[in-house]
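Next up is one chain by itself, shown in structure tokens, the form predicted on its own.
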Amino acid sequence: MSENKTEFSSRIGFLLVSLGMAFGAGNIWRFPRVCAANDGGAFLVAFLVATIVWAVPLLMIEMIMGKRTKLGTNGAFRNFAGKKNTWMGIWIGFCSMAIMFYYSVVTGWAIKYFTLGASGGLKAGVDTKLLWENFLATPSQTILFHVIAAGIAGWIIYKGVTKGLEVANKIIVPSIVILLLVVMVWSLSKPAAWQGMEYLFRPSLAGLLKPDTWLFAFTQAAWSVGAGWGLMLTYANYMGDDHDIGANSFVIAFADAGSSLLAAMAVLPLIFAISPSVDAANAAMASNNTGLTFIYLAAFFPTIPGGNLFGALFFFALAISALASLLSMVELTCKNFEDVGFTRKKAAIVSTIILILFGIPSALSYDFFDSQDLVWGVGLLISGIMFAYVAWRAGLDNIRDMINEDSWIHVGKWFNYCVMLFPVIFITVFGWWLWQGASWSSNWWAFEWYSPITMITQWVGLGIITLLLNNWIANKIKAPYQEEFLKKRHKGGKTE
């Protein structure tokens, strides 16, 4: 396959790259704890529903927009929603870029802890809480590993779609699965490990009646699968004409859910297997994401035979899964630069430099990092509702017909019903997160790290900036404005 054609070499190549995007650090870093903290089996049911109702339809919308336009978020929104709505594509692109800035920092953390595990730096008796705090308080270290992560991602994107992205994910995705399987089998061989499986799969019908179970499930689905970020839209640019949209969306969504479950089956038994007591395991489960990964697990690995090896394997799996997701964000940024006239290599270099520079604040300040994680993580819900708007504007039946033209499975009316539910889901989950922010901050109206006013100000500020840039960006995009997307309407759509 010639790089000039800018297509993945095969459907398998596209799926592996897409799975790499979905198999992010959130699967290992976040899913096990959130699942365990929300009634285990009940959360799994809610997460499955959220994946079908929210993630799968969004993946389909993104794929059809990317495949038909062969443009990034800015151009795809211009062509599907009209020039005056280009700002939505800019907003979504920036939201994913903002996540990219601190996601590179997380990737750097995982690389750092992999090197510690591989070099024997995680020794029995080491105060891992102090080790973690000292690492965060050492800018030369946090910035160094952020730069390493950004540099690796930038180099792979610089190599191109087939020679960079596709080749890297053909190695990364199988490696993640194999490493998690190895850790899972090893942990399940330990005496107390099955308590972790009970913790994960314990039946709890009452849990299904708890609002928090569903709210966390939909939040996790938005994060984990990567739907609504614009990432799948970007990758769909490089799909072949014979690449299926309907089936691929289901494969990607359920493979991601499976990888999340595999991570939980590796991590939770591991916690119980290497904890000195059940109370210690429960304390680890009650910790936050960072504590569970970089403090508790780092402390427990060296206490058992072979722990250094399996600790290194675990953090290596975390590092490469984070890298796979980081690649998709850098590619999104690169593609938007290409659409306004940059060459591929120049766009990759500029994207990497931007990533390094704007990632430094999160590398320097954990409070800034955590705040940005909240702001733009919740911001993904806004991105999702923008994709739903595009589908509604073009006509849900029209979008579904386009999807079915490129699918060997028939996508029925359930797609329409799910998208029509998006506003209800958005208002519920988005409102809940704002309420959470108010509960975390005693002065919710003050500009504090996690206050709602801080979040709202950044969203509104970005909205104003993107509206001001709307016409300039819409006219800078080199590809023609394809009005056929606006002419073919069903009764539910508006005319331009």
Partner chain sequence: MSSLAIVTMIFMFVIYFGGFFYFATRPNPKKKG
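Numbering follows the first chain given and starts at 1. As the structure is a prediction and not an experimental result, all values here were calculated from the model.
The following text describes the form predicted in complex with its partner chain, which does not appear among the structures shown.
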- Flag G240 as yes or no: does it have a non-hydrogen atom within 4.5 angstroms of any non-hydrogen atom of its partner chain in the predicted complex? no
- Query: Can any non-hydrogen atom of F201 be found within 4.5 angstroms of its partner chain in the predicted complex?
  - Reply: yes
- Examine M265 and determine whether its closest non-hydrogen atom to its partner chain in the predicted complex is within 4.5 angstroms. yes
- Message: Taking its partner chain as it sits in the predicted complex, is I409 near enough to touch it, meaning that at least one heavy atom pair lies within 4.5 angstroms?
- Response: yes
- One residue of I456, L48, I427, I465 in contact with its partner chain, assessed in the predicted complex (non-hydrogen atom, 4.5 angstroms): L48
- Query: Just one of I111, M232, A281, A257 has a heavy atom within 4.5 angstroms of its partner chain in the predicted complex, so which one?
  - Reply: A257
- Item | Proximity to its partner chain in the predicted complex (heavy atom, within 4.5 Å), stretch among 113-121, 392-400, 324-332, 192-200 | 192-200
